[in-house]
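Below sits a lone chain in structure tokens, taken as the form predicted on its own.
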């Protein structure tokens, strides 16, 4: 593009000297306005002093529905901080970034940044949060080869991905989940979240950056009890106090658990007030890269005794049997057994059973099975 400045070697010619002023011409007059500056290039638009406005837009994430299904990932018990803000659209915060995700008509996923200090940092945080370094399709191919029932589920419930959350955020959420229901858990998590910096509002919901441990340490047990936390209030304040006392800080201590073996990470988490084996396994799976962690509750116990350990059907779940269930999952599905268990858990939820073929629940597990395409497995039309 040509420069609007004249070449340095050229000098603007001086205008001729004006004639001497007569007495009548000594009256000052305003000089005529300069002619508008024209571009030296015919295709250059007129010059304006206004800066062009940026137009935020939905950006493709290059993730297909087989790698990420938003309805099968966000409202299924991994996190309680993301809200449905539109058809096939979910909104939440990752650190200081407020983002929305939605499915396009073809099932692909795109994202929209509502607020961020850095767009590049927001995208990196989003990709990390979604665990995109792990191919869900490849994992499910391996699982399906070893489990005919899983193969059929995978055909019908595509894209149920395991998230990689911030450990502090994940820990506090699952402290709220103890012996609780989704509605109350969500209200508690919303209260905790509201203590952080407000980042914006989308779809009628307010979104906040999750509060730091320092901010949480200023909240008393009594305040939490008044907010409806019940006995969980002492677990949250107690855990925050323990984390605050860690030499390198509680957030760093939790992150360091990603480098430990699973049992070491579970044992470390169980030293925190209110954290038992099941909550520890949830935190390990959803935030600490412990991909073969198996959170065992009565729901998972029923799945295990029906499909993996039928000889234990009718037995009472004990800590020893919890370990046996976890071992059974790992034995069948390997080092990413937690991802397999997540799909089996989701498939057993009443809200998801409707997406499965009517004959599915009458099928008994076989050593091998031919999986045929079925229109009833197409969940695109069932999202809205």
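Since the structure is predicted, the reported quantities are computational estimates derived from the model, not experimental observations. Numbering follows the first chain given and starts at 1.
From this point on, the text means the form predicted together with the DNA, which you will not see here.
Using a 4.5 angstroms heavy atom cutoff to the DNA in the predicted bound form, none of 95, 217 and 245 count as contacting. Using a 4.5 Å cutoff between non-hydrogen atoms, residue 237 does not count as a contact of the DNA in the predicted bound form.
In the predicted bound form, none of the heavy atoms of residue 57 sits within 4.5 Å of a heavy atom of the DNA. Contact annotation: residue 102 falls outside 4.5 Å of the DNA in the predicted bound form, judged by heavy atom distances. Of the heavy atoms in residue 137, none are within 4.5 Å of the DNA in the predicted bound form. When you look in the predicted bound form, the only residue of 107, 71, 274, 211 with a non-hydrogen atom within 4.5 Å of the DNA is 274.
318 is the sole member of 62, 351, 318, 331 with a non-hydrogen atom lying within 4.5 angstroms of the DNA in the predicted bound form. Here the chain stands alone, but in the predicted bound form its contact with the DNA, taken as any heavy atom within 4.5 Å, falls in 226-234 among 246-254, 86-94, 203-211, 226-234. Residues of 176-197 lying near the DNA in the predicted bound form, listed in sequence order, are 177, 178, 179, 180, 181, 182, 184, the criterion being any heavy atom within 4.5 Å.
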